[in-house]
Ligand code: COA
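Shown here is one chain on its own, the form predicted on its own, set out as structure tokens.
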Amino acid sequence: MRILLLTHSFNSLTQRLFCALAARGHELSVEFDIADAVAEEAVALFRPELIIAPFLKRAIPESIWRHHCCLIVHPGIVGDRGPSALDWAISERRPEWGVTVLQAEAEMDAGPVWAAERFPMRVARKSSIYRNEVTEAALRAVLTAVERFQGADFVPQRVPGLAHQMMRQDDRSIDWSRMTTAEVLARLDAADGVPGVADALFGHPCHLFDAWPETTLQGAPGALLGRREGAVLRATADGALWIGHVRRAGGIKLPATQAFAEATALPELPLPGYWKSPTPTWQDIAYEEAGGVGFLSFDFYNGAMSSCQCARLTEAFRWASGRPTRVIVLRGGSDFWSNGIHLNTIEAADSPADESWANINAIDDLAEAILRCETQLTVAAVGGNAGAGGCFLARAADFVWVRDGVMLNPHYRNMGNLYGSELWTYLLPARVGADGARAIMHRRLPMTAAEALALGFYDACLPGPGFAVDVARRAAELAAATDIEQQLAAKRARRAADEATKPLAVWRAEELAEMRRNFYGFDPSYHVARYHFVTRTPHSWTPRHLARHRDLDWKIPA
């Protein structure tokens, strides 16, 4: 069928549905929901047989739903209506939640139901549940609804429902003097991503994000107890919470210590152990060992890696490579493996060009450290989504094992035609050939884990359930292999041969020469694109690589 995806943005859920529907042979086009007239024009041009709305912030106009079947993906159980569905479910710590696919009508979320899926809830942030449980349930429900629509014999049923109000900041407010850690965390989790919780730090209004419970430290409720890396620790009625990111009034989301200069006066609370804390606490870089394998995790908020974070992770990796192990697994975070350089901290710098240069060099240092590791085999266990820089940073490892369901965006051009670095010019053609590399870098569309495996870009696609256990088992088998020393010797020989042919320093210098033009050259495209990205500027148009119906040579097939 011809299916139009009408969406607020091309977010991870929309990307997942786009790839899954395309793999089933449907002809797809995307239109961002900018205005009624724009959506009406898209429908007139594409003449879709079905319209799917994975992510909207307003109602579809009657001029469209009255004449076309429009399926809405609602992040709520059957009968749930209204905005903030997931926010309320998390805030109330519901044990189970779901996704409903229903037909658009005049009343919001009240149309007949085409499909629905449920899932158990976990204690986690809204953004994490949305990228994982909601996305998986939505995929199953949408595919079921599409099959039912094609079958033409399914009759969607109306279900009585109850509409709730939009969650306001009054509903999210925190009383630090009396609320427990669990109560505060529930409110922060329900607001993570968007819109955050309105509060104040150091006497200044701001919105709070990225909270983690602290298990050992506490103080006077509401007091700021200290700082660690980019986070500050604030006491609750029975404990404390780490606040990793904030957005000041009129500003952008930043690490708490960067947003507030006053944070430097707080005492530093270093991790009790060199990346190996003996007690549970907040840490963005963590290390553990088991069965001859070192596991290096780095859970950076939204997958963004600042200059400082890259430098610290490089230090941690070099330290791990000195341990008596035979395999190092780079685990990334639960929601993102890495999205590359940190655009928000770059935007907030005195000189964004200089900070861009520092950041790309810092992440290149990390990629080079992984590539030059001679004492262990390295594995990138990509269990979360990855953007351009992250996709190629992972490829610096000897093996890349990716979880089925992860969305990859291995291209830089969407960010103001960035050339990209992370030694991709050395790593990518060697895996997929020169033509394959050009195709990946110019495609600008998301890639599934299965596609990355089929292209030869990555080495294994592992099932989603049990991914971490599967990775640990495979890594242990790799470390215990009888030919591990021969594998390491062969690795060193390959690296030496490649270095003799063309040193890594040359590959890196060539990439950085192009990046320097992006950062300091006459064309401001990167700086403009970065500004609009970090400030969340509303879309003015749909990119042409998504809106196929707007190609001048596009025609409806006969």
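Numbering starts at 1 and follows the sequence shown. Since the model is a prediction, treat every value here as computed from it, not as a measurement.
One more form of this protein, predicted together with coenzyme A, exists but is not displayed; see below.
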Contact with coenzyme A in the model of the complex for V194, defined as at least one heavy atom pair within 4.5 Å: yes or no? yes
Taking coenzyme A as it sits in the model of the complex, is Y531 in contact with it (heavy atom to heavy atom, 4.5 Å or less)? no
With a cut-off of 4.5 Å between heavy atoms, is F336 one of the residues that contacts coenzyme A in the model of the complex? yes
So, Y412 and coenzyme A: in the model of the complex, are they within 4.5 Å at any heavy atom pair? yes
Go through I341, L188, I328, V406 and name the one with a heavy atom inside 4.5 Å of coenzyme A in the model of the complex. I341
Contact assignment for coenzyme A in the model of the complex, among G387, P255, G332, G294, heavy atom within 4.5 Å: G387
On the criterion of a non-hydrogen atom at 4.5 angstroms or closer, are S12, E422 and R536 all touching coenzyme A in the model of the complex? yes
Name the stretch, out of 221-229, 388-396, 171-179, 97-105, where some heavy atom lies within 4.5 Å of coenzyme A in the model of the complex. 388-396
Using a 4.5 Å heavy atom cutoff, which residues in 118-135 contact coenzyme A in the model of the complex? It's fine if the answer is none. R131
